[in-house]
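Take a look at this one chain, the form predicted alone, written out in structure tokens.
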Amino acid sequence: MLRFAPSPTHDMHIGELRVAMFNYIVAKQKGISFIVRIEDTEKERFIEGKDTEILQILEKFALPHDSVSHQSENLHIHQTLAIRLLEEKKAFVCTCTPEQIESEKKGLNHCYSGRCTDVGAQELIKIKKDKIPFVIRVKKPEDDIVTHDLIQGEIHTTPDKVDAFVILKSDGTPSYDFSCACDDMISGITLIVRGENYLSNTPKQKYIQQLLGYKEETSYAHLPNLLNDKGKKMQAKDNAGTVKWLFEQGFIPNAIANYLILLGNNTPTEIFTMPEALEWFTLDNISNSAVPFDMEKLRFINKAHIKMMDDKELSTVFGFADADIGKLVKLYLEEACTLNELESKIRPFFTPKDFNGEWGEQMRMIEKLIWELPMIDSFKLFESTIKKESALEGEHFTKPLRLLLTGTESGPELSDIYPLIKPYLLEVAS
């Protein structure tokens, strides 16, 4: 079983979407379950509605899941398991204040390396009665924690790096590492695919499962970071840092998915769909080096996927249900790459024209003729008839005609445009 475990505390990061996609693909290939676990234990950072938004994004990218749960639903289990480790003397109660801990760390004499390590379940009763603030920590491991990572290779983490970390906080809620390790164990997660920013969490979570006696082997694959245009790890504040930003700019799900699978990967083709990727995707081909996010490459891929869209389906994005409008949109793919850019090209067609400019008088003449003449099927005949009836020549004919039909002074050939807007001619030429 594989899982995607986002936190509802922020807009979904582009790297998180990549993690969700890879988990889904591998689960689909293996024929095993793909579940979503909303990690909502940090109530003070929870943003109302973000959990729903996460599921909506997964739906937009056609990433169906077998079940959805909220981590907070397992609070009682987390607390029970923490107390069990305490009773088994694998954990201890720590009553040190943050100031004491910081002071002792500077002196390399951690509170939990001596003073508190023998405070167990029996002492906890009195500590609670006296209302002394406390946390529960696991005892520091004695041996290295070894992680076999499918992308990063074998990683050895020393006991000092793991240390005696908190598993139950002073408010009775579990720490991230403890709740994550417990939930992965309960769900029977067999492979964890996530970003390399979680590399420091993995040994702690493996150690927790060892202490709890979990025998099943879990595989790991930590994806390298995506880099912004400054060569730094991409943040939500960066352009393209969130899925929401990409949608707002007019990038479509198929193109975003294509690019995220392509990044740092050895793929048989550059342009592909998710069903095609399912046939050949393997984590073995993922680079273990950070990879830059190239906006121009995404724009190129977005253009390719818009070109592949069904014409009628594409037209619905712009408020139509007409394959000819979809074809009209595609005429502008030579100069536009996103839905936003294309919308700026199509909007002037159906916006009232400006007759107050340099060519306003000629535009009125042509408008009057279009309303008076019967529908003309071919552009060649339409053009020659309007030209003859208006007696306009050269740019005095071509410029006002283009402005009247398209609302702009440049663009694709009118001979290509006319057949596609013919049914809307009276609406357009006004």
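Counting begins at 1, following the sequence as shown. Being a predicted model, the structure only gives us computed values, none of them experimental.
Same protein, other form: the form predicted together with a small molecule, not shown, and the subject of what follows.
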| query | Pick from Cys180, Leu226, Val138, Leu246: which residue has any heavy atom within 4.5 angstroms of the small molecule in the model of the complex? | reply | Cys180
| remark: Residue within 4.5 Å of the small molecule in the model of the complex by heavy atom, from Tyr198, Phe300, Phe355, Phe134, is Tyr198
| field | Ile325, Glu343 and Tyr424 all contacting the small molecule in the model of the complex, non-hydrogen atom within 4.5 Å | value | no
| message | For the interface check, one of 172-180, 257-265, 86-94, 317-325 should have non-hydrogen atoms within 4.5 Å of the small molecule in the model of the complex; which one? | response | 172-180
| Close approach of Glu39 to the small molecule in the model of the complex, 4.5 Å, heavy atom | yes
| said: Residue-level question: is His78 within 4.5 Å of the small molecule in the model of the complex, judged on heavy atoms? | reply: no
| said: in the model of the complex, does Lys206 come within 4.5 Å of the small molecule, counting heavy atoms only? | reply: no
| field | the small molecule contact at Leu2 in the model of the complex, heavy atom, 4.5 Å | value | no
